[in-house]
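This document starts with one chain, in the form predicted on its own, laid out as structure tokens.
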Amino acid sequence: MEHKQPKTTDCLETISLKGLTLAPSQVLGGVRLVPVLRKQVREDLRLTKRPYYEDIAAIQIDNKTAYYSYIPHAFIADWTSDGSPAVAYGTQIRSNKSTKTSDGTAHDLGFMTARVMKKMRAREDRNRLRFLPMDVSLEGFLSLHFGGPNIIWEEYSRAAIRDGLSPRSETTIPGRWIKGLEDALRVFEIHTNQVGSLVFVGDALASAFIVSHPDDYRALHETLLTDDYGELLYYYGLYAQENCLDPDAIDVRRVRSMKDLRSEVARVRSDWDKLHRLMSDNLLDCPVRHEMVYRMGPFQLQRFMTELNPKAENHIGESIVRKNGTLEYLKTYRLSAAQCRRAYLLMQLADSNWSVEACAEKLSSTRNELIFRLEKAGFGYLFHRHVLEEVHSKLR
């Protein structure tokens, strides 16, 4: 399966919180939640959750490729094209005969249950789309140069030439495993116009989750517990201590009237907003590679990946963007250093037409050192055994 190039003319080049503000954070142990507030709430896009209860789900990507994962739920997006209020899925009054779903078939295998689906996202009605949150972006990450070498270089094994990177896998942990996150989600205040949260663990940005409508966020708040996170964040949660960040408080010397007080409150809120944007600078307003996944009236479902810099934080995610560029939905996943390293090496190889010598020269290393790095990154199966043995003997 080849990774499709993004349609850059239709896609955002950066993740921008246009029309959104970041409220003062709430901290419990190593978990910091930053409320995301929307200034102008529109009613023409609604998101709801459809739960799945199977142990594993299999999704057919194409005739030769399938995606396997634990999938706790799908998101159902309902929208209108004329700006009129949309009705969230499950609250409409309509005949069941006119309702179709694309959830595939559930199977009970005795030792486990499984759901088999045909598509990662599917249109269920004229203005309704079912998609699998987080898995849309993870599938895009796993399919990165999935086809493998397109030139039969002598180093690569027959299996690599025939099957590419198949099978390709990555490991994640659920949010429920991160110490303190469940308690934080349960006890922290949700603002009236809150539409999302930035989740920090050990003051490292773990994920961002934003939806279009405050009522939808309240209903989906707990899905942060079933989202995927990198293993590193699990350890951050174990060892992180509560960190106090205090921008300048209200200066009582400047307050002589209600107008002064409002001005000071606005200044403090602005300072918090700037601080949280600074803490998220490896995601917000950074260049990203976008791919348009589905066009849904005036909205687009996209997935994206920040520039894979092995020395910085890197994120993948998915978004729904309005025609005017307003971010209506965002869900991100922070790549671990190992995941970033694997993707970075793959991209360098693909950019060098899978020539190991050319790629090694580009990375200022030797051929043997590059093959060793690829083997350590988990791609040893791409090479002939005698090539790996030769590399080991020369580097010993």
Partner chain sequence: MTDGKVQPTEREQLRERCEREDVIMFINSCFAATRQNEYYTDLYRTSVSIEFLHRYVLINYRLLYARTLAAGINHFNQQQIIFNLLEAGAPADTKQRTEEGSLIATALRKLPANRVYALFTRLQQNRVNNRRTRAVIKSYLAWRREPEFDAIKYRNKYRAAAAHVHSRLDTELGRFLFERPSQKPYTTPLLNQYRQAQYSAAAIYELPFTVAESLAQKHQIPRDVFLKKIEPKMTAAEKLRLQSTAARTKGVEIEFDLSRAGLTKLALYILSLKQSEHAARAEELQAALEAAADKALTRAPLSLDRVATILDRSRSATGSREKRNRPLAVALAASTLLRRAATEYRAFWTPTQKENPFELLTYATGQTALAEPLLDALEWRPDLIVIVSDGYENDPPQLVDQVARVYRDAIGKAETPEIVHMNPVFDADHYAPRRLGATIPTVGLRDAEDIPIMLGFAKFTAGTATLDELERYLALRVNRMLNSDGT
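We call the rigid core whatever largest set of C-alpha positions still superposes within 1.5 Å between the two forms. Numbering follows the first chain given and starts at 1. Predicted, not measured: the structure shown is a model, and the values here were computed from it.
The following text describes the form predicted together with the partner chain, which does not appear among the structures shown.
The partner chain is not drawn, but in the predicted complex it has a heavy atom within 4.5 Å of residue 187.
Residue 355 falls outside the set of residues with a heavy atom inside 4.5 Å of the partner chain in the predicted complex.
At the 4.5 Å threshold, heavy atoms of residue 24 reach the partner chain in the predicted complex. Contact annotation: residue 241 falls outside 4.5 Å of the partner chain in the predicted complex, judged by heavy atom distances. At a distance of at most 4.5 angstroms from the partner chain in the predicted complex, none of the three residues 49, 106 and 112 contributes a non-hydrogen atom. Of the candidates 219, 250, 284, 275, 250 is the one whose heavy atoms come within 4.5 Å of the partner chain in the predicted complex; the others do not. Comment: the partner chain is not present in this chain, but in the predicted complex one of 126, 323, 295, 262 has a heavy atom within 4.5 Å of it, namely 262.
Note on the interface: of 166 to 174, 153 to 161, 68 to 76, 251 to 259, the segment with non-hydrogen atoms within 4.5 angstroms of the partner chain in the predicted complex is 251 to 259. When two forms of a protein are overlaid on their rigid core, residues whose CA moves 2 Å or more are considered shifted, and residue 260 is one of them between the shown form and the other one.
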